[in-house]
Each structure stands twice: as C-alpha cells, then as structure tokens.
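Form predicted alone, single chain, as structure tokens, below.
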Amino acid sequence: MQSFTTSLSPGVFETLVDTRTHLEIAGLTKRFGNFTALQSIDLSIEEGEFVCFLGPSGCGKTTLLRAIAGLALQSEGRIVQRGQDISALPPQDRDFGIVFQSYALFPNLTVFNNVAYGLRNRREDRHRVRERVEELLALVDLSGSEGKYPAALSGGQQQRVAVARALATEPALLLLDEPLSALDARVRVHLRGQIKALQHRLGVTTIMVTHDQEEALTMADRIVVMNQGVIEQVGTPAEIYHHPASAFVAEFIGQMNFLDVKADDEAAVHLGRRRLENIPHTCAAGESARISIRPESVELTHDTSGMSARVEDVEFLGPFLRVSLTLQDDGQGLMADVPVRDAQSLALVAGQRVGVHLPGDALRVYPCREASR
C-alpha cells in the first residue's frame, strides 16, 4: 500500500498555525430525557491542533463531537469557533468537514462525484471542481480511481475517499468519528499514520473520536479522556501516560498495576508491613488507598533482602518479557515488563524468588474513594 503524497499546488489548504483558540466550549451539557450524556464540559482547542476524544463506549465522546457539528444541539452551554458563537447554528452553517466510521459514501456516485458533492452544492465553477477533486485524489493516492464506485474499493480506500470529500470545501475544522474502527488491524495502523501526516501537512484543526488508546497516543497532539459524561484529563500523550490525573485514566491508558496500601504521613504509605517513602499524597493517615505503577517501571533484581516476590509466569512478548508476580509481603499480584537483555541475567523462571523495587517517581497514589469511581 502506498503512502499519501504531500504535494499540493501553492496556497491550497495552507493554514497558518498559531496559538489562537480555534474552538471554545463552555459549560456544555447534553441531556436525553432524564439521562445526562455530557455534564458541564469546558474545553479549548487551538488552531491547527489534532485532538482526540478518548474513552470507553457510552462516555459521551461521540455526543460531544455531534454537539460541535450541530447534529445534537446541547441542552446548555456555548460553542465558539474562531470568535463566532455557533451554539444555535444548524450543521450546514458551521465550518467543518466530517468523516464517519461507516464512510457514508454515496454508493450510486463515482469516487469523483462523491468528492465533488460539497463543491457542487456550493455551485463552484466546473473547472474548479475538477481541479480540486484531482488534487485531493492525488493527495490521498487515489488518482485514476475517479470513475470507480465505492463497492469496487477496499475499506481503506473508501475511508480515504471520505477524507478527501470532507476536505473538499476547505473546512476550518475536520471531525473524525471513529474513522478507522471498521478497518482491519494492518490497514488501520497504516492509515492512521497517513491521516496524521496529512493533517500536519494541511494544518487543519482536527478532532477525532476513538476508543482505541493506541490511536490516540500515536496521532494526537492532545488527548481528552472522557468518562461518564465528564472530562477526566486533558493533556499530551506523554502527560496522559506518565501522569494520569485519576485512577480511571491510569487504568484506561496502557497497562497498569494497582496495589492496595494504607496512607501513613503525607509522603509515605504502607504496602502490607512495608513502608514506602517519598510518595507524596493527599490521603489522611490510615486511609485506604491504591498505588499505581506501570509494568515497565517495576525493577526486578537478584537481591531479595528487601521487597521480594515469587515469579508465577513468564510471557515472551518480543522485545520484553511480561512477568507475573506475587508479592511475598501480602500476596498481592504485580506485573513487570522486563527487557530481554535484563531478563537474561535474571534467568527468570516460574517459582523463582526475585527482589522488587518500585521507584517512587513512578508511583501515584489514589484514595480508594476515587479509585473505585
């Protein structure tokens, strides 16, 4: 499969990316009868950003995207795009292009006519329409497919036509509603890199809805993690991964260990009978809490004089081994991802006893009242 080309005639789709706010959402609430799908959403999106709305099914991310598009008007709150209040505008009066999970191509129209659809609705000059469509199809590596119908295209090709159609009218905002979820894994990985490169080339402000954390981490400039109609955290992929603001984010993004502890003073907790120091937290002394740590941050050693664990299972995953452990102190389970080069010196096998070190800077503490939300 080819990569997207990135050559455009001068001036086409060029967007000057600066720090101006493109979209401002304030106090946005959406109710369906007695059910509140979105609760007091506040969010700013900057010009030229690629932002992912990430969360489990039913968290409100698609509802928020539809509210931005005017397809599901909010019950309360405001949406401002480039200084214009668009809160009450119908979809056709808002400046966006949208790509759906199901492609939503017209099956009775050729590729050319699908991409040209919005331009013709705007009564663009015939010569300009042809020039525009040809440029866009070249951009998504579908030159020569103008006369084909959607049924003759693969899923990945259909989605690229959908992207070209969404960009045809030069929208200021591109909305992507789980655009890759209907594709097989190999095509999905390939296409997400192409879409990100295309967005970077054009500089168009983009919002993508996804439930796939890997998509969000690899594509987004910033991620908006949502849960039960509220925003849990907004941050760069690195911030979301390394500094999760809540237990939900910690558990939802990547692999994570959670261990039950008791708070001690303001910088220590007890894991079983063992005191772990230099771990700042806001829990009251004696309060039950949970600490989290990524498997790749768990360090295993030959020294079992301190914290130690029994190896229960060793799973080979290419560049690293995933080691399932049971802590000797209190029987809690722990998972460690050990690079192959380190695993060789440890000679890890089931039944072996190993030392365990949990670096303080890799630990986060969550009160049980929060961790159980």
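Start at 1 and count along the sequence shown; that's the residue number. Here the structure is a predicted model, which is why all the values come from computation and not from measurement.
Note that the form predicted in complex with a small molecule isn't included here; everything after this is about it.
**Student:** Residue-level contact is defined here as any heavy atom of the residue lying within 4.5 Å of the small molecule in the predicted complex; does C59 satisfy this criterion?
**Tutor:** The answer is yes: C59 has a heavy atom within 4.5 Å of the small molecule.
**Student:** Consider D264 of the chain shown here, and say whether it contacts the small molecule in the predicted complex, taking contact as heavy atoms within 4.5 Å.
**Tutor:** D264: no, not in contact with the small molecule in the predicted complex.
**Student:** Would F316 count as touching the small molecule in the predicted complex under a 4.5 Å heavy atom rule?
**Tutor:** Contact check for F316: no, nothing within 4.5 Å of the small molecule in the predicted complex.
**Student:** With the cut-off set at 4.5 Å between non-hydrogen atoms, does L348 touch the small molecule in the predicted complex?
**Tutor:** Outside the cut-off, so no.
**Student:** E135, E178, E215, E232: which sits within 4.5 Å of the small molecule in the predicted complex by any heavy atom?
**Tutor:** When the small molecule is considered in the predicted complex, the option within 4.5 Å is E178.
**Student:** Pick from V311, A37, M335, A343: which residue has any heavy atom within 4.5 angstroms of the small molecule in the predicted complex?
**Tutor:** Exactly one listed residue reaches within 4.5 Å, namely A37.
**Student:** For the chain seen here without its partner, which of 42-50, 324-332, 61-69, 302-310 has a heavy atom within 4.5 Å of the small molecule in the predicted complex?
**Tutor:** Answer to the contact question: 61-69.
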